[in-house]
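A lone chain, given as structure tokens: the form predicted alone.
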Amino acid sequence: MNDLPGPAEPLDISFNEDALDTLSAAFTRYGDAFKIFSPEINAYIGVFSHPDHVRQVFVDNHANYTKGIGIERVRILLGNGIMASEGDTWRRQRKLIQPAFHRSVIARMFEHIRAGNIALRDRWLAHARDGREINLTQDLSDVTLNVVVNSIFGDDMAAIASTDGRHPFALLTEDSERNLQFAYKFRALSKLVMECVNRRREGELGNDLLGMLLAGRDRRTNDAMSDKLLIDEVLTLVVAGHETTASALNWFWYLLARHPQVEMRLHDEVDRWNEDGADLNSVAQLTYTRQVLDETMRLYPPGWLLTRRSIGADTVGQHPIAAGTNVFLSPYLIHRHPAFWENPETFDPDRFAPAQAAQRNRFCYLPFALGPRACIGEQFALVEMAAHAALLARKLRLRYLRPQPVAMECQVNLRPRQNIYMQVEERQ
């Protein structure tokens, strides 16, 4: 990377400091490709932000890259699940898990999405009637967690829940730290998962996501997933299936509250939507709602930084990189590239209207990553977010009344630095 420019100041890859500010300033000064020094690894990192770079690393030469910096922290929490595994293990697991996210399975899980969000809507309407603010961040974390654990465990949630009705996975919403102490507590839930698995094996496997994972067989050997990998995949689905969705929905409501013209158009669409017939097909008809969600994830992609490490030498753009080079591609920066996005800091859902989207380079938008390692739960998340938006926006609007804007916290996910509180108004 000797030909790459870069700032003199180093980058803190522990992400205890605001690495995004450092990367954004370097992107503004140096453009598509630059290098930045990391004292923690005593090496330079290549930061690439052109759509051609995205295509090279994630699609055309994806086999030359493994997961990069930060994956060790993921493995402590999630084991060798699909987010952290590599090579043959990853390929095998991906094939075993993929059927669980088929459209027909998502359709079966839709009732969990509907029920969870209607219950949330009822609580928010109660707040509207007595004038109390809602803790948006906490409530969205709770509802997305409930949707994903009910989709995974189905009727077994009654056995998993404690005597007071709370389930042990609630620690994900109650503890924002992702340190070793948290990882230890979270991994202790493996015992509960295994008890549920053993009950299933003695009876019916089930028609939920866990049942799909238990029924999966390797096409070549006919082997099922090992118990260890099964637990790792379940824990991965619990974490990945709620944190990113909750983060995106926080920003969705915040942006909607600050852009009344967008809110008005979204209300017009969801008011014409047939809630009583809500299902997978009807959610797909919410085209403007989807545009608002897409634009939300352009400005605030939950996975704001994607890291890779080259196995062999490669050329990214015009820049040769050696084997073993750490590479950063940041959706946050790419989604704001001025050569590919007009007025990139402006919230404008019309940029995702079909005619505009068709003209855009497909490699400059990657909220779920791209290529073979793109998020396996992308379609589930999109359905869940659109259904959430429609079900709640039909009955209420949220108002952000604080004078200060919401600040970002850029760690594993791009989330609000502090919980967002909002006032609820019931729509007539």
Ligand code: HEM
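Don't overthink the numbering: it's just position in the shown sequence, from 1. Remember, predicted model here, so these are calculated numbers, not experimental data.
Absent from the display: the form predicted together with protoporphyrin IX containing FE. The rest refers to it.
K.L.:
Though protoporphyrin IX containing FE is not shown, can you say which of L136, V148, V292, L210 has a heavy atom within 4.5 Å of it in the predicted bound form?
P.N.:
Going through each option in turn, the one that passes is V148.
K.L.:
Please pick, from L120, L306, V262, L229, the one residue with any non-hydrogen atom lying within 4.5 angstroms of protoporphyrin IX containing FE in the predicted bound form.
P.N.:
Of L120, L306, V262, L229, the residue with a heavy atom within 4.5 Å of protoporphyrin IX containing FE in the predicted bound form is L306.
K.L.:
Counting only non-hydrogen atoms, which stretch in 125 to 133, 153 to 161, 297 to 305, 279 to 287 is within 4.5 Å of protoporphyrin IX containing FE in the predicted bound form?
P.N.:
Looking at the partner contacts, the answer comes out as 297 to 305.
K.L.:
May I ask you to check whether A386 falls inside a 4.5 Å heavy atom distance of protoporphyrin IX containing FE in the predicted bound form?
P.N.:
Although protoporphyrin IX containing FE is absent here, A386 would stay clear of it in the predicted bound form, with no heavy atoms inside 4.5 Å.
K.L.:
My question is simply whether M109 lines the interface with protoporphyrin IX containing FE in the predicted bound form - judged by any non-hydrogen atom within 4.5 Å.
P.N.:
Result no; M109 lies far from protoporphyrin IX containing FE in the predicted bound form.
K.L.:
So in the predicted bound form, does any heavy atom of T245 sit within 4.5 Å of protoporphyrin IX containing FE?
P.N.:
Heavy-atom contact with protoporphyrin IX containing FE at 4.5 Å: present for T245.
K.L.:
Should F368 be classed as touching protoporphyrin IX containing FE in the predicted bound form when contacts are defined as heavy atoms within 4.5 Å?
P.N.:
Although protoporphyrin IX containing FE is absent here, F368 would touch it in the predicted bound form, with heavy atoms inside 4.5 Å.
K.L.:
Pull the contact list for 80 to 95: residues with a heavy atom within 4.5 Å of protoporphyrin IX containing FE in the predicted bound form, in sequence order.
P.N.:
Result: I82, M83, W90, R94.
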